[in-house]
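Next up: just one chain, as structure tokens, the form predicted on its own.
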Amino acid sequence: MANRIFAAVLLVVTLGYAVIAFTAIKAPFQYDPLGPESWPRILSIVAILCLLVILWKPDDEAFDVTRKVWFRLTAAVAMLFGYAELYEPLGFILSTILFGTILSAMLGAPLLRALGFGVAAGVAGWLLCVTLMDLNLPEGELIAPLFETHQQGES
């Protein structure tokens, strides 16, 4: 029953997303056939079909979640909000290291491995986004002035 309730609520949200995708998203030009207008439309159609399948035939298994699991889910959502808030002030690398380390530790990784995962995710993610995808990621409002004063002192 819980999966039907979840699917019904998510279906309402997805229908709203589909209305926006088909009416409000207008790109002045597209470089390829699957440009900025097509992907939201495709996503909304696939999501609606999947949710209709869940509503039509849900799983037979009971949805039993312990208090510990609810706490972890709530903590993960709170950490995502924290990551979004710290993204600009700390920059991509530091906020990703912090988020990855805490999430890994919360999921049971030993502290040293969790820190290793956080550092690897932050550095590798930055290298991937900046070098391969040519994206501009925030350096961090709190961190960037330290590097600027250090660079000015060298010149």
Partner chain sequence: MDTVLSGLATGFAVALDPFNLMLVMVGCFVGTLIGALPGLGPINGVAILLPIAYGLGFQPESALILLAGIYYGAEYGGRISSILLNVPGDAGAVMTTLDGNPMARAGQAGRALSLSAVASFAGGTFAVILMSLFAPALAGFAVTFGPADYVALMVFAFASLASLVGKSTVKTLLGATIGLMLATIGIDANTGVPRYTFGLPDILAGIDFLIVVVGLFGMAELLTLVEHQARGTLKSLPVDKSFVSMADLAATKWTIARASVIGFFIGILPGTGASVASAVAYGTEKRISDKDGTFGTGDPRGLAAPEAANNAAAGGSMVPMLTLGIPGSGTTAILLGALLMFNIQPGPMMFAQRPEVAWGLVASMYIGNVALLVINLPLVGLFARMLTIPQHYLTPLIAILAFIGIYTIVGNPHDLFMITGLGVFGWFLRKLDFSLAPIVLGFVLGGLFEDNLRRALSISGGDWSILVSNWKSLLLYALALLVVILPIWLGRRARANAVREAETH
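Residue numbers count along the first chain shown, from 1. Computed from a predicted model, the values in this text were never measured in an experiment. In this text, the rigid core denotes the largest set of C-alpha atoms whose superposition between the two forms falls within 1.5 Å.
Although not depicted, the form predicted together with its partner chain is the subject of the following passage.
No residue of the trio 12, 67 and 90 has any heavy atom within 4.5 Å of its partner chain in the predicted bound form. Its partner chain in the predicted bound form is not approached by residue 94, whose heavy atoms all lie more than 4.5 angstroms from it.
Contact annotation: residue 42 falls within 4.5 Å of its partner chain in the predicted bound form, judged by heavy atom distances. Contact check for residue 136: a non-hydrogen atom falls within 4.5 Å of its partner chain in the predicted bound form. Interface membership of residue 127, defined by any non-hydrogen atom within 4.5 Å of its partner chain in the predicted bound form, is ruled out. In sequence order, 73, 76, 77, 80, 81, 83, 84, 85, 87, 88, 92, 96 are the residues of 73-96 having a heavy atom within 4.5 Å of its partner chain in the predicted bound form; the partner itself is omitted from this view. Relative to the superposed core, residue 42 shifts its CA atom by 2 Å or more between the shown form and the other one.
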